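The chain below stands alone, shown as structure tokens; this is the form predicted on its own.
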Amino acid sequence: MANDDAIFNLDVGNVSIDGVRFLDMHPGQKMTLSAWYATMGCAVPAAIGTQTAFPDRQVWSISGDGGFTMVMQDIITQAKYQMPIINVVLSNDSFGFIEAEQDDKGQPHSGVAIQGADYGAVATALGAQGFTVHNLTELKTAFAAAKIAKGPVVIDVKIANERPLPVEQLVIDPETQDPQAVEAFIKKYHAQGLIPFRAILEQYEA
């Protein structure tokens, strides 16, 4: 779907983690993200700046619904100047990164629930082409339309509220960690393909 010279602008939160891990980028593509702490909402305005600086390149913004709702009024600017930006919103009705932090600290969830909305419909009302996606077939249809669009597109992708793999506390080595905890961790995060670092060192030990 993405052009070979595409530029991806990532928002802050779980989307930063997933973007860095799962964007299958080519050498000619670029990615930007904010290096500042908690600068949610940066992707959409960053995409406007990117499209202005590189008008001949395909530009994406990828946001969670938390970050997008902070700046979604900027879609009207994209529409005003007919910027062909592809804006993807990953909607899980939660400030997922903060929710995960609260889980890690054993705190009750507080202030992390987001009121759900149809951001595809919101985008249409602001003058963009909007899609709301619930499955892979709908996603492919939205991407196909976005690829040929002359103005901005917003693709609201409804996703499960599942936290990204917490790499800071991997529990995947049954030889050094509780085997039952390892089994539970791998099942929860679908981490069957991960290899403990200890095993890698042993494999390549001279």
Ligand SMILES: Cc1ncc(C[n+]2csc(CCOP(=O)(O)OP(=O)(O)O)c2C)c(N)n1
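Note that the structure is predicted; figures quoted are calculated from it, not measured. Note that residue numbering begins at 1 and tracks the sequence as displayed.
What comes next is about the form predicted in complex with the ligand, which does not appear here.
- Of the candidate stretches 31-39, 147-155, 133-141, 176-184, only 31-39 contains residues with a heavy atom within 4.5 Å of the ligand in the predicted bound form.
- None of the heavy atoms of residue 165 is located within 4.5 Å of the ligand in the predicted bound form.
- In the predicted bound form, the ligand lies within 4.5 Å of some heavy atom of residue 14.
- In the predicted bound form, the ligand sits beyond 4.5 Å of every heavy atom of residue 170.
- In the predicted bound form, at least one heavy atom of residue 114 sits within 4.5 Å of the ligand.
- In sequence order, 92, 94, 95, 96, 97, 98 are the residues of 92-110 having a heavy atom within 4.5 Å of the ligand in the predicted bound form; the partner itself is omitted from this view.
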